[in-house]
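Below, in structure tokens: the form predicted alone, a single chain.
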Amino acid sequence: MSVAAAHPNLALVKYWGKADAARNLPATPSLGVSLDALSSRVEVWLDTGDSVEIDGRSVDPARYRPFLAAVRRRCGTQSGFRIRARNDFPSAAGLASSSSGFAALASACTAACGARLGDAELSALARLGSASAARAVFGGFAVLPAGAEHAQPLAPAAAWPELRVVIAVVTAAAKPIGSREAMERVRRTSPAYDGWVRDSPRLYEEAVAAVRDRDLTRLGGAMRKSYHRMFATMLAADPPIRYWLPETLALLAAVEELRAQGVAAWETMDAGPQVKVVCADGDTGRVAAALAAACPGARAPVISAVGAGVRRAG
């Protein structure tokens, strides 16, 4: 058995859309941060066929076949893989579980085959399962340029030790439409999509500079523009894609009120209803309290520091 673990990588500037669907290459550049408070653990055994269990439930391995075929080609094996994965946070709910899941899976599968890959090659392999997983291989802050086969590290966790992400989970239910399907619908039908692809590099460069300068206000502004414009492409699709719930709107209003009170708190969202707020360590108590008050029926917000990259756990 081989075991690996990884943290989800939250996109601060969003990847949304594919330049090449067959190779899973991103149409837009993205910048993400590893979330230390959340993790995925994957165990892999070599077997006669492929099987996948996630959080104690057997799932159809069809979603994993292209990825596993690539692993077999890279490792020169015909073996199947018996996979058991567990997340300590809701899966497929808009919390980037595919990023940590496929980063850990790439590490565990190759280790089971006796292969030792460098970070760039492991990132390229993880990308075939989920483009965001290419970033999750690296700790701290990582970037995935448009059209790139692998991600690149931008800054380690120690470069911004006081940065925190407060995570508000509106619902643990799986989202009604997966990201891949949603991206393809947006690409085919949304009149906002081409503008999104053209505009994304500018926000990306702005956010990269903000991380290097540890400028929270500048980073927060770029983050907000990125996720709002991403969701605009979904609302303009045919039929429209709406992930937000009433609780989502209440949380967004709470963060706006915090900023009006002088708190440097900046929200972002992935394809789902959950809200994540980037702030400084000294403001986490106030941010978490505001989010809890805005959504009293939800679980308590999770406070995360910047996390590490993928690691072998056994």
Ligand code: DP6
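In this text, residue numbers run from 1 along the sequence as written. As the structure is a computational prediction, the values presented were derived from the model and not from experiment.
Note that the form predicted together with this ligand isn't included here; everything after this is about it.
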Answer key, this ligand contact in the predicted complex at 4.5 Å (heavy atoms) among S98, S190, S200, N87: the residue is S98
Checking S107, S132, T233, S123 against this ligand in the predicted complex, the residue with a non-hydrogen atom inside 4.5 angstroms turns out to be S132
Although this ligand is absent from this view, report whether E267 comes within 4.5 Å of it in the predicted complex, heavy atoms only. no
*With heavy atoms only and a cut-off of 4.5 Å, decide whether R180 touches this ligand in the predicted complex.*
yes
Taking this ligand as it sits in the predicted complex, is R63 in contact with it (heavy atom to heavy atom, 4.5 Å or less)?
yes
(Q) Residue-level contact is defined here as any heavy atom of the residue lying within 4.5 Å of this ligand in the predicted complex; does R299 satisfy this criterion? (A) no
Note: this ligand not shown here; in the predicted complex, the stretch from 284 to 292, 244 to 252, 44 to 52, 267 to 275 having heavy atoms within 4.5 Å of it is 267 to 275
Applying a 4.5 angstroms cut-off on non-hydrogen atoms, the residues of 11 to 30 near this ligand in the predicted complex are A11, K14, Y15, W16, K18, N24, S30
